[in-house]
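In the block that follows, a single chain appears as structure tokens, in the form predicted on its own.
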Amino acid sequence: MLCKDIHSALSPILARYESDQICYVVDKNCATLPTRLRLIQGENSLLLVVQESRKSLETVQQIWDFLFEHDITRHGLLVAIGGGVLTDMAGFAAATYKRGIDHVNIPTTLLAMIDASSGGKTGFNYHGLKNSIGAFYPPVETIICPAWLESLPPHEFLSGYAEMLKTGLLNTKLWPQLLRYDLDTMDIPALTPLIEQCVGVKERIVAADPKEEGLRKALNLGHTFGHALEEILMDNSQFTMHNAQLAVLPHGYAVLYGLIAELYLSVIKLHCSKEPLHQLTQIMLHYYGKPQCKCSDRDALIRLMQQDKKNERTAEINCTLIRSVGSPVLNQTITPEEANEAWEYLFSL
């Protein structure tokens, strides 16, 4: 649901639940915003503020403990307000608490609006692997208010826009519109109809394949390579993104790098036109910069790709590629040698 006023969008949903059965889980960075938006009224509101950093079991346990502490029944509601890391963990907590309670997502970042908060994927990272524990558990509603984006740091904006570019590669009408958008301005009103279109593309795919048994795998474009980059850079890394010092590589940046590697393979294996690859490469070099990874990391990256949850067989690498913009090709098995070649291309840019 795209809206201008969160209060008016959320109120009819809250009316279905007893007031003492509604819990809010809020990212620490947004902790002052629920009151300003009149989402939480009165001193008795059940509010848990968590530090959104990494998707960990410890944070999920913190949410479970909060629900038990306040005697939330199976008829309760969990409202998650924050980025994609938070909505993923809160959704998993809701999916597993007393075999499932309702939850609502209110994404506050562009990445969460486009990707994490809709579609029903929930979970957390485990044993160093992205989203290796999770469940399909759709929210009763996702409320998207672009006004949240007005205070978004540039690296967060660009991270979300990378997921928009991924969605655009799956849709012939959307892709040229995204290429025309002026990233230098980060104009929210101009971006809003593009957000709506991206969400619409994802919703149609998810409706046709909610459990990722076929078509929904198209949404994994860029993620086999991207997740491996995220995992290898997860610990003891520092990144400088638009004058911000970050401890974790933003997900969207990893996806963008993964898109370039997988578009390269699309050209090599499926004879896709080189134009989308060149267009995306120019965007990367101008706005995102090169991945802060070394050629010596390639063996470790390939081992991580062989452990990806999307693989259908052990040690096999499964990717989504494209034959052309709007024509994804699913379940493409690539060899370690092909993966190595794609990494080499990416690192050479």
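Not measured: the values here are computed from a predicted model. Heads up: residue numbers just count along the shown sequence, starting at 1.
Below: the form predicted in complex with a small molecule, not depicted.
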>> To verify the annotation, which of these, Thr224, Ser159, Ser266, Thr167, has a non-hydrogen atom within 4.5 Å of the small molecule in the model of the complex?
In response: Ser159
> Of Gln62, Asn29, Asn311, Ser56, which residue is found within 4.5 angstroms of the small molecule in the model of the complex when only non-hydrogen atoms are counted?
Replying inline: Asn29
> Can you pick the stretch from 90 to 98, 269 to 277, 67 to 75, 148 to 156 whose heavy atoms fall within 4.5 Å of the small molecule in the model of the complex?
Replying inline: 148 to 156
> According to a 4.5 angstroms non-hydrogen atom cut-off, is Asn171 in contact with the small molecule in the model of the complex?
Replying inline: no
> Should Gln197 be classed as touching the small molecule in the model of the complex when contacts are defined as heavy atoms within 4.5 Å?
Replying inline: no
> Any of the heavy atoms of Ala80 lying within 4.5 Å of the small molecule in the model of the complex?
Replying inline: no
>> Can you work out whether Leu111 and the small molecule are in contact in the model of the complex, taking contact to mean some heavy atom pair no more than 4.5 Å apart?
In response: yes
> Is every one of Ser118, Lys130 and Glu163 in contact with the small molecule in the model of the complex, taking contact as a heavy atom within 4.5 Å?
Replying inline: yes
